[in-house]
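Just one chain is shown here, as structure tokens, and it is the form predicted on its own.
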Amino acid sequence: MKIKLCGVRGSFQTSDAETKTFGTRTSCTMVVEDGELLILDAGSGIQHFNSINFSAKRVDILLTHLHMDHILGLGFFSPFFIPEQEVHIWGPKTSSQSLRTRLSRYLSPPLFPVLLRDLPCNLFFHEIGNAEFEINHFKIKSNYIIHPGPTIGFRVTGNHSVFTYMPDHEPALGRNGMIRNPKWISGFDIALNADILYHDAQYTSEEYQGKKGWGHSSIEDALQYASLCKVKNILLAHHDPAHSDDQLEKIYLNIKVISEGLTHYEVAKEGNEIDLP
């Protein structure tokens, strides 16, 4: 299983030179195995897809939620404009409006000039919640997790490896912080024993104190969460757009001092590729 990080910036895209090392584009990750591809989220990082040689008749996009930084790349997704191309979009189910209706709010004027209904591809929508399903040979489990609005995390199991994806997640939200009972830890079932957990780590612990309830994690909480879920490695991602490369370097240098004994971690960088056995 190969994991390519196409966009790791949180909330909105950056454009200045001070953020290029860790990346400027918003959430999008590609998972490839045996010639089959999954695209997790469709932020501006989905532009990386348009530069690869991919000729399969079917492509699948799995959306964790519909906040703009996770869907703003959809309008520029090249397979949408190829007749007969099969595109499947998977996203969180709600009790009010369909996934198609909610996405049409963005893919329609005045926000976007092309209507969703006018796309020439063969487009399919799949609404999911706490579910298990298969896409080609991938086995996928989805769970609702803590983040404003309906949001799901994904556990992707390939031939030999497990990758869990939770770019927006606030597991420590509550009166007394993170719950220790696995039965009540948000997303525990899809994170447990994963080979790699891709997880929200937008804030320092000091910043998080003024932003509780915004739906994001402190770096320290993300590491603690990974330890509780017994994951082998964690990719710390969804970097705050207000953090420059220099600031992130200093933040993570300090984290190394306090993270001994916790799960092994790496800092997500746009463009990085990770090979799982």
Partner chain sequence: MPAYGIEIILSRQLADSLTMPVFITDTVGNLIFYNTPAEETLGQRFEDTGEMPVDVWSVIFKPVDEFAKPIVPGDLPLVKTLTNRLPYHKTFWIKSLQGQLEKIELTSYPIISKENEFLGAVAIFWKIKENEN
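Given the structure is predicted, the values throughout are model-derived calculations rather than measurements. Numbering follows the first chain given and starts at 1.
A second form of this protein, the form predicted together with the partner chain, is not displayed here; the remarks below concern that form.
J.: Answer yes if any heavy atom of Ser186 is within 4.5 Å of a heavy atom of the partner chain in the predicted complex; otherwise answer no.
T.: Within the cut-off, so yes.
J.: Test of understanding: in the predicted complex, would Leu107 fall inside 4.5 Å of the partner chain by heavy atoms?
T.: Because no heavy atom of Leu107 falls inside 4.5 Å of the partner chain in the predicted complex, the answer is no.
J.: Determine whether any heavy atom of Lys93 comes within 4.5 Å of a heavy atom of the partner chain in the predicted complex, and answer yes or no.
T.: Yes, Lys93 sits close enough to the partner chain in the predicted complex that at least one of its heavy atoms falls within 4.5 Å.
J.: Even though the partner chain is not shown here, does Gly158 get within 4.5 Å of it in the predicted complex, heavy atoms only?
T.: Answer no; every heavy atom of Gly158 is more than 4.5 Å from the partner chain in the predicted complex.
J.: 158-166, 199-207, 78-86, 123-131: which one contacts the partner chain in the predicted complex at 4.5 Å, heavy atom to heavy atom?
T.: Going through the listed ranges, the match is 123-131.
J.: Of these, Ile140, Leu74, Ile146, Leu116, which has a heavy atom no more than 4.5 Å from the partner chain in the predicted complex?
T.: Selected residue: Ile146.
J.: Only counting heavy atoms and a 4.5 Å limit, does any residue of 165-191 reach the partner chain in the predicted complex, and if so which ones?
T.: Read in sequence order, the residues that approach the partner chain (within 4.5 Å, in the predicted complex) are Leu173, Gly174, Arg175, Asn176, Gly177, Ile179, Pro182, Lys183, Trp184, Ile185, Ser186, Phe188, Asp189.
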